[in-house]
Structures are given as C-alpha cells and as structure tokens.
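Below sits a lone chain in structure tokens, taken as the form predicted on its own.
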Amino acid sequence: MSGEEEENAAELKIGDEFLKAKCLMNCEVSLILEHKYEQLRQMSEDPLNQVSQVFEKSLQYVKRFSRYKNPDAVRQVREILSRYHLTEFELCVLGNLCPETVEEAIAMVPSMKTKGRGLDEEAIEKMLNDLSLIKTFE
C-alpha cells in the first residue's frame, strides 16, 4: 500500500483537487442547464436536434432531484450555507439532501462536528431552520 491516506468523505479526506474545487448543488446545475437549453431552443427551430441524449438525461436528473426551483431560492440556499464556513462538498451535500433534523445533518455530513469547526448542534439547528423557511416560501 502506498503512503497516501485513504479517502473518507466523513472526515473530509476527499483529495486536494476536490477540496479546492467549486461544487454545484443539483438546483444550480438545473438552472445552468435550463438556461443552456433555452439558448439552444432560441437558436434552432428544433432544439431537440441540438441537444445530446446525455444533456437531456442530465437535465432530467437535476430537475427531478433539485429541492429548490426558484433562482432566488437557490441563491439564498448557497448564501445561508456559506455563512457556516462549510466546505463546498459539505455545502452541496446539505443543499442537495435537505436534512430536517440535526441528527440527519450530522449523519450526512459528519465532518461538521469536527472539533474547532464552531458548528455545535444549536448552530446546525439554526442553519436547518433557515433552510426550511426557504422551502416553505418557495
């Protein structure tokens, strides 16, 4: 075995390239692909000829699994989660899966409870409450 550490998302051991990468939530990808689809539709009389099967399937997938549809709500979700100094990976996991309880959030993103992060259960509860308000008013 090499001297490299084994990857473990629960401990945020996901590799430097992923820790530094910009991640997108499904709802953000959906907005981007919808915009691109609209551009293709306007450029062609038959937009389906311009869209690959992979593009179409990707769009269907992110639309199906996006918890937020409204562009303002999508922006607010990222803003709220960014306040808690989450990594991009953590932010996207929470934004995609929308946990309802502190226990669910910690189970999905155990790295939030790492010592020194400043995310106690009360802070996580506030974050989840803020997110639930967006879902309620969307």
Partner chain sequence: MFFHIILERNMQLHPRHFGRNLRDNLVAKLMKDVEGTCSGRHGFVVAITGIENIGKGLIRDGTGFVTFPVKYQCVVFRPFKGEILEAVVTMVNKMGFFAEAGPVQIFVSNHLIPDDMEFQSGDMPNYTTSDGSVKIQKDSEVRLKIIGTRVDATEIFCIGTIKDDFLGVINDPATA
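Because the structure is predicted, anything quoted here is derived from the model rather than measured. Positions refer to the first chain, counted from 1.
Another form, the form predicted in complex with the partner chain, is not on view; read the next lines as being about it.
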Original post:
Within a 4.5 Å heavy atom cut-off, is Ser132 in contact with the partner chain in the predicted complex?
Top reply: no
**OP:** Flag Val62 as yes or no: does it have a non-hydrogen atom within 4.5 angstroms of any non-hydrogen atom of the partner chain in the predicted complex?
**Re:** yes
Original post:
Is Leu128 close enough to touch the partner chain in the predicted complex, meaning at least one heavy atom pair within 4.5 Å?
Top reply: no
Subject >> Exercise: Ala21 in contact with the partner chain in the predicted complex, heavy atom 4.5 Å >> reply: yes
Subject >> Members of 90-109 lying within 4.5 angstroms of the partner chain, judged by heavy atom, in the predicted complex >> reply: Cys92, Val93, Asn96, Leu97, Thr101, Glu103, Glu104, Ala107, Met108
